[in-house]
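The form predicted on its own is given below as one chain in structure tokens.
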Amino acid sequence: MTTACAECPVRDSAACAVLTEAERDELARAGHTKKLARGETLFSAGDENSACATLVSGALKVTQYDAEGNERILALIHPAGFVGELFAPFPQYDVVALTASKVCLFARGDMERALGAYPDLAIALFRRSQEDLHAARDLLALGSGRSAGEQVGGLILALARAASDTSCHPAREFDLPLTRGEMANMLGLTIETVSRALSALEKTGALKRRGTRGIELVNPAQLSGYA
């Protein structure tokens, strides 16, 4: 097993976990790791040099801009998540780092060859893409007919689940990958409304804020009704 794979924190949860060690080593030789600073673009819409990647650490946003230049966040990518265009000539959206991040990056042609060689990998990526699609739909649905407190509470719980090492329960402590402005962007609220909603959730005992980004879930059950 390559050193990079042996030390990878998502080696047991990413799509490549279905491969044998020999198969994973072969796949690793076709790709390379890349570090991104917060705000750095991984993929740009219309870029002809299309590629795909598994997120090793950090967080990414999938975003687009309307005719007036307003950003709309369409999805969030968390560790072990897969992002990229395999069946389009070039990316349709921008993919940008929300925090300092690290990805395992592959040229599209190399990934297409790997999918042909390893059917189990193709199935795993299909399953991962389906899970990510459902998660993106759930996030977009948060703004439908709910109060600001319910929207923010639901988003906090979704981020806590994404930050957890297990699917059984959300992380009790984690750092928000989104700024107040980015949360407002996703939910169609103002930054002031998001801040008031967070303060209200803290007063009710649902959560505690730790510094600028830190969140501690005190009563996850209280938030579960919002998600």
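The term rigid core refers to the most C-alpha atoms you can superpose between the two forms while keeping them within 1.5 Å. Since this is a predicted model, take the numbers as computed values, not measurements. A residue's number is simply how far along the shown sequence it sits, counting from 1.
Just so you know, the form predicted in complex with the DNA exists too; it's not on screen, but the next bit is about it.
Here the marked residues T41, G69 and R72 all miss the DNA in the predicted complex; none has a heavy atom within 4.5 angstroms.
Checked against the DNA in the predicted complex, the candidates T179, T33, S50, S57 yield a single residue with a heavy atom inside 4.5 Å, and that residue is T179. Although the partner is absent from this view, S199 contacts the DNA in the predicted complex, with a non-hydrogen atom inside 4.5 angstroms. Contact check for Q92: every heavy atom lies farther than 4.5 Å from the DNA in the predicted complex. Although the partner is absent here, S147 sits close enough that one of its heavy atoms falls within 4.5 Å of the DNA in the predicted complex. Though the partner is left out of this view, S195 does reach within 4.5 Å of the DNA in the predicted complex, counting heavy atoms only.
The stretch that touches the DNA in the predicted complex, counting heavy atoms within 4.5 Å, is 181-189, out of 24-32, 59-67, 181-189, 155-163. Once the cores line up, the CA of T212 ends up 2 angstroms or more apart between the shown form and the other one. E26 is not among the residues whose C-alpha shifts by 2 Å or more between the shown form and the other one once the rigid core is aligned; its shift stays under 2 Å.
Once both forms are overlaid on the rigid core, the distance between the two CA positions of L201 between the shown form and the other one is 2 angstroms or more.
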